[in-house]
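We begin with a single chain expressed as structure tokens, specifically the form predicted on its own.
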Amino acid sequence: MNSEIRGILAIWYRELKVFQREKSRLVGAIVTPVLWLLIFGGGLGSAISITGLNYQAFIFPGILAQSVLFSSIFFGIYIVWDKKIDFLKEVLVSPVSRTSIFLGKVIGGATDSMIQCAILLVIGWIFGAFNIIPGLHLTIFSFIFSLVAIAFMTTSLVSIGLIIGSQMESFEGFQLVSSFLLFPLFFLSGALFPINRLPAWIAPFTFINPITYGVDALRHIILGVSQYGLLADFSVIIGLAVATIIAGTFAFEKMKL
């Protein structure tokens, strides 16, 4: 048991060190959401009215979810890379199970995403404090509970990315599959618009989209606005995290190198 825990921690530490060394990855993960928030939010916000809320403040939780979604799913591409350089083969000759390798990867990827989101939350607090985004008022409470929600979201999404990566043999194949998954999940999550105003034919797709509940949870925590309620939101994102971890461990057991 101790060897398995040490194995998980070793994989986690390796992923953290890789993240720390890739400065451009962190810069891109911060700059892109901020540009979405300021340019897209500022431009579209001038033409959209949401009762009682500034549009940029309204989409801030959605931009956080976007950062989690894209960084977490694309983390799976590192599995393809590890196969190419035979890193996984080296790890598998150690007395560590594939389940522990998977869990170490999940914790490592989740840690990376949470660091990015913590920085974005600090930026959001600055924007709100200096009235760059009116109506965005982050507190210690909202900061901590946002990270809790993000932890469950990124755990499930990193697991999905790793499941995809475990079945892929090339970077191109991974990018093709993930792209078909990413954009529908993001655009149908209510990240950029109120879901209660959607046409009837789109509404069912947002209802079955698990990212919708992550966005709704963050919006409730940060802005006090919710469509489904915090209990329903957390029930879905926690359930998804558990289900994807179980599916991911199975996928890693069946993974071919």
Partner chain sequence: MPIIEIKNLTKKYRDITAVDQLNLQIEEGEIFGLLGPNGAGKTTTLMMLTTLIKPSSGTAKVNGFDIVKNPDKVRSSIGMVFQDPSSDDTLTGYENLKLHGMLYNIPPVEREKRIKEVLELVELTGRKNELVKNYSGGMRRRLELGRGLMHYPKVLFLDEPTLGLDPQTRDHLWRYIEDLARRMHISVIITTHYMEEADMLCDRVAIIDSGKIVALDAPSKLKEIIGGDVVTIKIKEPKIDLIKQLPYISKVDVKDGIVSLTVANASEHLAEILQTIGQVDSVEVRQPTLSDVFLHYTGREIREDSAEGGWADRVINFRSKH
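Residue numbers count along the first chain shown, from 1. Remember, it's a predicted structure, so these values are computed and weren't measured experimentally.
The form predicted together with the partner chain exists for this protein as well; it is not shown, and the discussion that follows is about that form.
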Q. Just one stretch in 108 to 116, 89 to 97, 180 to 188, 124 to 132 has heavy atoms within 4.5 Å of the partner chain in the model of the complex, so which one is it?
A. 89 to 97
Q: Determine whether any heavy atom of L176 comes within 4.5 Å of a heavy atom of the partner chain in the model of the complex, and answer yes or no.
A: no
Q. Does the partner chain come within 4.5 Å of any heavy atom of K17 in the model of the complex?
A. yes
**Q.** in the model of the complex, V242 touching the partner chain (heavy atom, 4.5 Å)
**A.** no
Q: Indicate whether the partner chain has at least one heavy atom within 4.5 Å of a heavy atom of F141 in the model of the complex.
A: no
(Q) S3, L9 and I85 - do all three of these have some heavy atom no more than 4.5 Å from the partner chain in the model of the complex? (A) yes
Q. Which residues, if any, of 20 to 44 lie within 4.5 Å of the partner chain in the model of the complex when only heavy atoms count?
A. R21, E22
